[in-house]
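Take a look at this single chain, the form predicted alone, given in structure tokens.
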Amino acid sequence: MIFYYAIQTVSVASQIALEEAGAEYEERLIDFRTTEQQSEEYLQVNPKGRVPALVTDQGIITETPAILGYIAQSNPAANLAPLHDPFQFAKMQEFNNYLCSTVHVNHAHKMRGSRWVEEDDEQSKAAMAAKVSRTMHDSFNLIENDMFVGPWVLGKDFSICDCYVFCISNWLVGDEVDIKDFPQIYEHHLRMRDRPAVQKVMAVHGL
């Protein structure tokens, strides 16, 4: 497999999952500083011009929830998902899709406003950016109180959900949100940092 990633992006979640699974893969860094994600070569891998992307022997997978699900299902011995419990598997998907469709979008309003308004509409972009700390706080408040089971996201077993929420929790400080407002998430964040797979990936990303 070939894993395309960019430094300090949502790629971190899938990269941790690959390491937790003990998967064999090659890393390919995409440099956002030079807009390599829009290069002709990379657009042949992922026409969306975003990361991550995972090249498998069956084809290319994009979107974090899909990549995480693939890693868990193709490495069942790693026990990264409740593969034999349809309800719990759905809850896993529910959690990961909330991170993808809502929480990540909230965060992106800070620096990616031109995805939703015209590039020269500075007033609208500033208004979106100004609300990020509130929407991120609200999202993590919901996760803390209504979605996080404990001690891991889904309960007693570690899963790909833990990789994903840990990745996004790293963004809170930049979004001017105090992670200590969410005791379960904060404790989870600290425990994640003790895991060898996480430490390996964090070193790659300088986090």
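None of these values were measured; they are calculated from a predicted model. Just count from 1 along the sequence shown to find any residue number.
Unshown form predicted in complex with a further copy of the same chain; subsequent notes refer to it.
Taking the partner from elsewhere, every residue among Tyr98, Arg115 and Thr135 has a non-hydrogen atom within 4.5 angstroms of a further copy of the same chain in the predicted bound form.
Taking non-hydrogen atoms only, Thr35 never approaches a further copy of the same chain to within 4.5 angstroms in the predicted bound form. Using a 4.5 angstroms limit between non-hydrogen atoms, Thr62 touches a further copy of the same chain in the predicted bound form. Within this chain, Thr56 lines the site of a further copy of the same chain in the predicted bound form, having a heavy atom no more than 4.5 Å away. The shortest heavy atom separation between Lys180 and a further copy of the same chain in the predicted bound form exceeds 4.5 Å. Heavy atoms within 4.5 Å of a further copy of the same chain in the predicted bound form map, among the stretches 24-32, 151-159, 65-73, 172-180, onto 65-73 alone.
Residues from 16-35 do not approach a further copy of the same chain in the predicted bound form: none has a non-hydrogen atom within 4.5 Å of it.
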